[in-house]
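Only one chain is given next, in structure tokens, and it is the form predicted alone.
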Amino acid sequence: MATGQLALTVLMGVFLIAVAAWLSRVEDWRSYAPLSGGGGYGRETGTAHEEKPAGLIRWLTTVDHKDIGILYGLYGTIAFIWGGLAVLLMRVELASPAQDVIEMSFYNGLLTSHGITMLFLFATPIIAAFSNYFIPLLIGADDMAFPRINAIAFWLLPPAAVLIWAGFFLDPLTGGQIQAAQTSWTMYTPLSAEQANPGVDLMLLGLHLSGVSATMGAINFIVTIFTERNNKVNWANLDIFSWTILTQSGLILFAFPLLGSALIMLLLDRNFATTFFTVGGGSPILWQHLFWFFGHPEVYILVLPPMGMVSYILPKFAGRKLFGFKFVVYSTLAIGVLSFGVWAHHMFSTGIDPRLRASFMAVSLAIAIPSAVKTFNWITTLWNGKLRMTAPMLFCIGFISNFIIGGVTGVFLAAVPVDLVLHDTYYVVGHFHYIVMGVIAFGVFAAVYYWFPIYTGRMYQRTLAKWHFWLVMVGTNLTFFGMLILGYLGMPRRYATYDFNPAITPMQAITALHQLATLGAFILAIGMAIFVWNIVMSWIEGPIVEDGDPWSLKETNQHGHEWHWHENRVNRSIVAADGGEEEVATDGGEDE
């Protein structure tokens, strides 16, 4: 088994060296053309592409930020479907107390895969989909500062997903010698260090690769926003979405390299008998410190951009500009700084020094202040506004209501006495999923519908979009509020089966709440099926948007840079259709 693990590690090392050798061939990192030879691209203007190759070659060789944004979106959607199917299987198993449907080892594999997939293969890339497509448009740039690095960052992700999911495919092929990792997404040691399963090594290598991808993307966004802004875009009028992406990129720059280092240390423990995290000679608690120093900022890495999306989209349909713009920016920066000072509140029950627990409790409670500032600004923006209940607006309002529940339940976990009672119960699962599903995903849905006319040139089916909203709103609250109550009743998380002493909690109540959560999960799945159907069919055959202002944003003087770019594109296509000469413009710059 050890020989197999060593062979896999060597194989991955060779792969990384091959990637480094390929990167060394790239001569001009700021060039817009693919590798030498041009790859079929049209004449370079120095600022834009005039034409692109057709078909699959376009998508394999593109360095256009809009194409790469769409690739990120497709990738994130596939990962979301994988993670969603995994959790549906788990919810079916949990609908009854005994083991009925799947093996416990398979349940543990699904548990691990669901968490890692949703956080690293869905949430991070789906945010990159929007930031890649729209940041250059919003700041008036031609493209990202390093278009090739942008493309490389994306193409590191497919092999990362293959490595993370590999255990599921290799299990039947190897007769169970290589299984899916069963460490949970936190990979706590000594379990993850001692589990003799090469699938764990594959998962760690895939996770490391996704971290490299995220770090490369973050550097690119920071450089782009600092150096590629149009002269008319200064720090005072930089849009709120770009502010949140800039803050998120700064967090990634500090958090992900630390996770990468910890993963390498864990691989060394597993394959070369080092003792960083072992019980004898090392410290399993060290892993928790390193992991959560990354892990809690990761929550804000994922939630800040959706906050920026809602702060950007909500005023468009409230008929008013964002209330207290400067305070929303300051609260974004404050959350970014404070997020690195709260990691130990995940470790209150590990026996760390009580004085440390008190200080981390104080910082964890303090981070609620900038979060509340944002919430009050959103509500005040809605106050006395001329609300238009479009699908993006519905998802923004759903985002705020779910964020209030997810945020308030998080305050209880920041308090040491309450956390010691609720630690590792379903309460934590419910709180966390209110943020991940009820907040991050709702912000993404709002952005998908709001910008749909730009990246497809068509309009979605509005009735299906509202069905999507109401189903996921009901499904989210049914599933995760049920989990909050389960946690209060003492139901521990991560178990495939459960049994309770009736003197503590009636078994019927626990089973009924689990079945309620399972019902909510299936309502969520129906809503998501409608969403995917709507997006695909509308993209193919939806009505073409010929209006440069489909949301009537000019009426409230909120016609942003990206819609200005869209309007110019529509006007150019009309001129070309009339037989006029089409003007070649930069991607994000103004062509007037």
Partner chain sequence: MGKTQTFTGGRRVVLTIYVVVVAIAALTGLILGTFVEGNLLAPKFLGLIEFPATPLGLAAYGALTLATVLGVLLGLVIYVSDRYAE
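No experiment lies behind these values; they were computed from the predicted model shown. Residue numbers count along the first chain shown, from 1.
The next section is about a form of this same protein that is not shown, the form predicted together with its partner chain.
In short, of 389 to 397, 134 to 142, 112 to 120, 295 to 303 it is 389 to 397 that has heavy atoms within 4.5 Å of its partner chain in the model of the complex. Distance criterion of 4.5 Å from any heavy atom to its partner chain in the model of the complex singles out Lys321 from the list Lys232, Arg494, Lys321, Lys326.
None of Pro159, Gly250, Gly341, Gly385 but one reaches within 4.5 angstroms of its partner chain in the model of the complex through a heavy atom, and that residue is Gly385. Within 4.5 Å of any heavy atom of its partner chain in the model of the complex lies no heavy atom of Ile222. Its partner chain in the model of the complex comes within 4.5 Å of no heavy atom belonging to Thr227.
Taking the partner from the other structure, its partner chain in the model of the complex has a heavy atom within 4.5 Å of a heavy atom of Phe481. For the chain shown alone, Asp549 is a contact residue for its partner chain in the model of the complex, at least one non-hydrogen atom being within 4.5 angstroms. At a distance of at most 4.5 angstroms from its partner chain in the model of the complex, all three residues Val408, Arg462 and Glu555 contribute at least one non-hydrogen atom.
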